[in-house]
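First, one chain by itself: the form predicted alone, in structure tokens.
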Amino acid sequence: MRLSCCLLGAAQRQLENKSKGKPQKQICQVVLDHFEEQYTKELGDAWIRIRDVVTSPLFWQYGVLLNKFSYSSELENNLHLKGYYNLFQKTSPHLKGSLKCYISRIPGRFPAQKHQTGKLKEYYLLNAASLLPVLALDIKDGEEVLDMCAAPGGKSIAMLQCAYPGHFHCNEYDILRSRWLKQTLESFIPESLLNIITVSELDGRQIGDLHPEKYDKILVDAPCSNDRNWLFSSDVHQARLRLIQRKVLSAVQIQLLRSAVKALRPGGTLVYSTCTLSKAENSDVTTQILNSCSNILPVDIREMASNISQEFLLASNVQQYELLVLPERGKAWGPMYIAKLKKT
């Protein structure tokens, strides 16, 4: 049921009151000006509504992904009492029963849990749209799975909620982020399951040559121009450098996807995802792979789109093998781009 405008307004005032006295994030004007020019061209009038959400952290809606390896009925009851509900309640091949993510129509953030040695966390806070690449990948028990750009580890955790791979390779090239990934896995996954997981610090662009045709399923959650984070860059000089680097990101993303194609077994599937709205990093990248790799075919994910359309605002001008989640008030926010491909 949709909240009325009055209730949304009351929720906003409540959040604003809570935030008084706390330092507020400041928008980086250099980044916003760049986005205004690019996304007005690419998204038209929709950009005005999207901008309203991505520039207002008070409207960001954090999902609570439950950890089945440390299940707490008390926690689940508490979420219900606070007005949260399970995002994935429908029965569908893409909506795994063991994947429980609770969200609330009222934007806000559930308290985070601290890492405690020897004790598994009960939940993981995340942008609920980031679970969609995991659902699209549709992992089965016993499969060889690669998470090519795995840090900080939320999608890896989600994949292990859905199935038990025969072997799960979590890769993160950046050393500091790899440490973060390892801590995340230790915080959520029991020791008995850690023996099926390999964590590496390889350059993802080399994995295809190192492990040709090894994996049944591959997730390439590629490094991208993270729209929401970039808008709040505190260092203007760093922001300018990021915008310059943005011009070459698509080349890296294509290289990562080509590597994934090599690493994928015939008959295997891969999902490419980003958390940007940029056409150059999304559909342009997958189009180039489809046009240049004769052994790669698109996979229709319209059924999945239909199943999630009540909870997410999806762009309409995409191909049958793509999803683009647009940030929207009262919806589980993004941005998140997904494309599903198969190797013949």
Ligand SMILES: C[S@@+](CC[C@H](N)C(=O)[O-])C[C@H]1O[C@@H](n2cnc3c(N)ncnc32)[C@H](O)[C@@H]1O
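Predicted model only: the values in this text are computed from it and were never measured. Each residue number is its position in the shown sequence, starting from 1.
Below: the form predicted in complex with this ligand, not depicted.
**Student:** If we take heavy atoms and a 4.5 Å cut-off, which stretch out of 101 to 109, 142 to 150, 208 to 216, 228 to 236 is in contact with this ligand in the model of the complex?
**Tutor:** Of the stretches listed, the one contacting the partner is 142 to 150.
**Student:** Residues G154, E172 and L256 are flagged as a possible site; in the model of the complex, is every one of them within 4.5 Å of this ligand by some non-hydrogen atom?
**Tutor:** Every residue of the candidate spot has a heavy atom within 4.5 Å of this ligand in the model of the complex.
**Student:** Closest heavy atom of L193 to this ligand in the model of the complex, within 4.5 Å or not?
**Tutor:** Judged by the heavy-atom cut-off of 4.5 Å, L193 is well away from this ligand in the model of the complex.
**Student:** For E122, is any heavy atom within 4.5 Å of this ligand in the model of the complex, or not?
**Tutor:** Although this ligand is absent here, E122 would stay clear of it in the model of the complex, with no heavy atoms inside 4.5 Å.
**Student:** Do E186 and this ligand share at least one heavy atom pair within 4.5 Å in the model of the complex?
**Tutor:** No.
**Student:** In the model of the complex, does K82 come within 4.5 Å of this ligand, counting heavy atoms only?
**Tutor:** K82 lies outside the contact set for this ligand.
**Student:** Going by heavy atom distances of 4.5 angstroms or less, which of A129, A222, A263, L270 would be at the interface with this ligand in the model of the complex?
**Tutor:** Looking at the other structure, the residue within range turns out to be A222.
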